[in-house]
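What follows is a single chain, given as structure tokens, in the form predicted on its own.
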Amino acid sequence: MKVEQISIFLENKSGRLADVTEVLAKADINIRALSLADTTDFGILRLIVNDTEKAKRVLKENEFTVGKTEVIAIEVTDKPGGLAQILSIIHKEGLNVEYMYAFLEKHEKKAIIIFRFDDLEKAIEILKNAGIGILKGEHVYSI
């Protein structure tokens, strides 16, 4: 049920994002979802890719600082209130969303949103019990 995400720490200067995407492109790695957050001095680029281990390896070989985190990919009804339903379930159970971002494609007419929770195992259990679809990592990487 978990999805591996890589996080790349980037200096906040022109061209660094282009450098990452060029390294991944040369290694034939496809970006499936992404999020970029920045501060004054650095940014954190979070990626779901089709080959996490290869992406980590080639980025490290090119002197990027890379980490790996587990997240989950949740199917969200693609209509007004779809996300509110998920967040309401999470709120009632006292879970905290650390961050989230949208996936680039739909899955079976549903939106996919990547979530990082403060308690990933509890979130999976709660969402499964509520009948919310959670995609397996292997499936997410291949979309």
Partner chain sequence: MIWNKEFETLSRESLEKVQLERLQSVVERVYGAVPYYRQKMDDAGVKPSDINTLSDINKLPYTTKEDLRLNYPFGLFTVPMEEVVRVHASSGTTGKPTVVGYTKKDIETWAELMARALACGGADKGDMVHNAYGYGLFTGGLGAHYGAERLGATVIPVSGGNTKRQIMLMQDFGSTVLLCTPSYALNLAENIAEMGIDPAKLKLKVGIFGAEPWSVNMKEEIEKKLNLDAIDIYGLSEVMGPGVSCECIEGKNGLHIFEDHFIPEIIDPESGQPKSIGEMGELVFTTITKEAFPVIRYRTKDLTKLSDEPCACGRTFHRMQRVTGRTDDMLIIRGVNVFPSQIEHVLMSVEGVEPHYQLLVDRKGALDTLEAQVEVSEDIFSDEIKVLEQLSKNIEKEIKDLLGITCKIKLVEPKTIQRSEGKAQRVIDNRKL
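Residue numbers count along the first chain shown, from 1. Note that the structure is predicted; figures quoted are calculated from it, not measured.
In what follows, reference is made to the form predicted in complex with its partner chain, a form of this protein that is not presented.
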| query | finding |
| --- | --- |
| Contacting member of 119, 125, 11, 22, with respect to its partner chain in the predicted complex [4.5 Å, heavy atom] | 11 |
| Contact label in the predicted complex: residue 54 to its partner chain, heavy atom within 4.5 Å | no |
| Non-hydrogen atom contact residue 142 with its partner chain in the predicted complex at 4.5 angstroms | no |
| Contact flag, residue 93 vs its partner chain in the predicted complex, heavy atom cut 4.5 Å | no |
| Residue 87, heavy atom within 4.5 angstroms of its partner chain in the predicted complex | no |
| In the predicted complex: members of 1-40 within 4.5 Å of its partner chain, any heavy atom | 5, 7, 8, 9, 10, 11, 13, 16, 37, 38, 39 |
